[in-house]
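Encoded as structure tokens, the following chain is the form predicted on its own, with no partner shown.
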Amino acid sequence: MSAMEKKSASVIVIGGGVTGLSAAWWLARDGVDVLVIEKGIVGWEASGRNGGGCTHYQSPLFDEEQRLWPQMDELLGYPTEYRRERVIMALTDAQLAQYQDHGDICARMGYHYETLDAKQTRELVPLAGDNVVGAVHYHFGGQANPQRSVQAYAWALQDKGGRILQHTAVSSIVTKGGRVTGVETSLGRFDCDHLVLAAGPQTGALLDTIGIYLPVAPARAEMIVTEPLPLMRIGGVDGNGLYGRQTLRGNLAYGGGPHEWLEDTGPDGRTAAGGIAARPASQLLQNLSKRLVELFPRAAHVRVIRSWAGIIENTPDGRPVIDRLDEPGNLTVATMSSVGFGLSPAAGHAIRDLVMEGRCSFTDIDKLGLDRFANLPRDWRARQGWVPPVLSDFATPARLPA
């Protein structure tokens, strides 16, 4: 039976990004009848358009992230291109000291890292230049291919009997007697016993349809990709405010602020004026190109061959919300605040636990609850300066460096 023919499921997941797909896969592994509803195609926004990093030591999900990623190819049955280890390069002494502080935090958690001097850094990262002062080498963490990982989650979910309905926008959540009973979509109503809301930037707008406030601000995250270069031993190298990886083909795929803040969107992903905002901005791409050359001077000769933008959501404190609400009690909310890809195996596990058992089995996620924003002023975006730029600021085209 197709996803459309059966207009109900035990659990409906709104959102076909890595968080929603991972949660659905974890549930399907337990034999749950689960349906993912996605307004576009799976992984179309930030889930398939990011740097692929899997090293989020500041999250309570970190240990589970590190435990699961090395197993994901086997567990899913499809390749994610996960590779272990990561290098964070410093171009100033202050940066190196900061990265060492981060490494010390991880070391106290039982993870091994070492500090490299400039010569050792250039030996490990052949594209580094004379401007590098050192690096920290994480013998944990790593990176994976976002596009392949999204596809792996989707295929693995379907292998377990889960269903995916694409090109179907959810317009509202339906409740009765203090519980979620279903969702209204562009294809009509779908009923469920439990709803998982993992709709990225649209999560707040959908919660608003039942009077629940979730503060999130959408932003456009930019990425650039270069021509292929000889493969380095470690593909995941960050620094100079950039995150990304070298692909298995040799391309450098990198992004990293400044993000461009966007207008709030409705449940369908469109602004009040009816537009969408996934087109890259040339000024931000120029900034990325400049900083990538500073990070990898020995790659200055290669051309940028493509770019893309993904829409990410950001909470006021930068931390995810993963919470099963008290009312409606059969609604679990997950918004990952720009770190969804790397945490996806662990986030999916946590969501599965909340749906099935009411609590996370492997770590304390209380600080990721929605109630921490209960007293937040509604004009928080303006107070933090997270507002869209004036149109004239982005009206003049700029060329990328050759």
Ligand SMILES: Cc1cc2nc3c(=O)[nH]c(=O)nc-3n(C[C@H](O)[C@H](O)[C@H](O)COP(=O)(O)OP(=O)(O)OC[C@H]3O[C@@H](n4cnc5c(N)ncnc54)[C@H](O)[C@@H]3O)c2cc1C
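Note that residue numbering follows the sequence shown and begins at 1. Every value quoted in this text rests on a predicted model; they were computed, and no experiment measured them.
One more form of this protein exists, namely the form predicted together with the named molecule; it is left out here, but the text below deals with it.
Enquirer: Just to confirm the contact call: exactly one of 53-61, 358-366, 23-31, 371-379 touches the named molecule in the predicted bound form at a 4.5 Å heavy atom cutoff, so which is it?
Expert: The contacting stretch here is 53-61.
Enquirer: Please identify the residue among 180, 88, 284, 221 with any heavy atom within 4.5 Å of the named molecule in the predicted bound form.
Expert: Contact check passes for 221.
Enquirer: Would you mind picking the one in 216, 262, 170, 154 that has a heavy atom within 4.5 Å of the named molecule in the predicted bound form?
Expert: The residue in contact is 170.
Enquirer: Just checking whether residue 345 would be counted as a contact of the named molecule in the predicted bound form - the rule being heavy atoms within 4.5 angstroms.
Expert: Residue-level check for residue 345: no, no contact with the named molecule.
Enquirer: Might residue 350 be said to contact the named molecule in the predicted bound form, defining contact as any heavy atom within 4.5 Å?
Expert: Answer no; every heavy atom of residue 350 is more than 4.5 Å from the named molecule in the predicted bound form.
Enquirer: Look up in the predicted bound form whether residue 311 has a non-hydrogen atom within 4.5 angstroms of the named molecule, and give yes or no.
Expert: Residue 311 belongs to the contact set for the named molecule.
Enquirer: Is residue 14 a contact residue for the named molecule in the predicted bound form, using a 4.5 Å heavy atom cut-off?
Expert: Residue 14: yes, in contact with the named molecule in the predicted bound form.
Enquirer: Could you run down 173-209 and flag each residue that has a heavy atom within 4.5 Å of the named molecule in the predicted bound form?
Expert: Residues within 4.5 Å: 198, 199, 200, 201, 202, 206.
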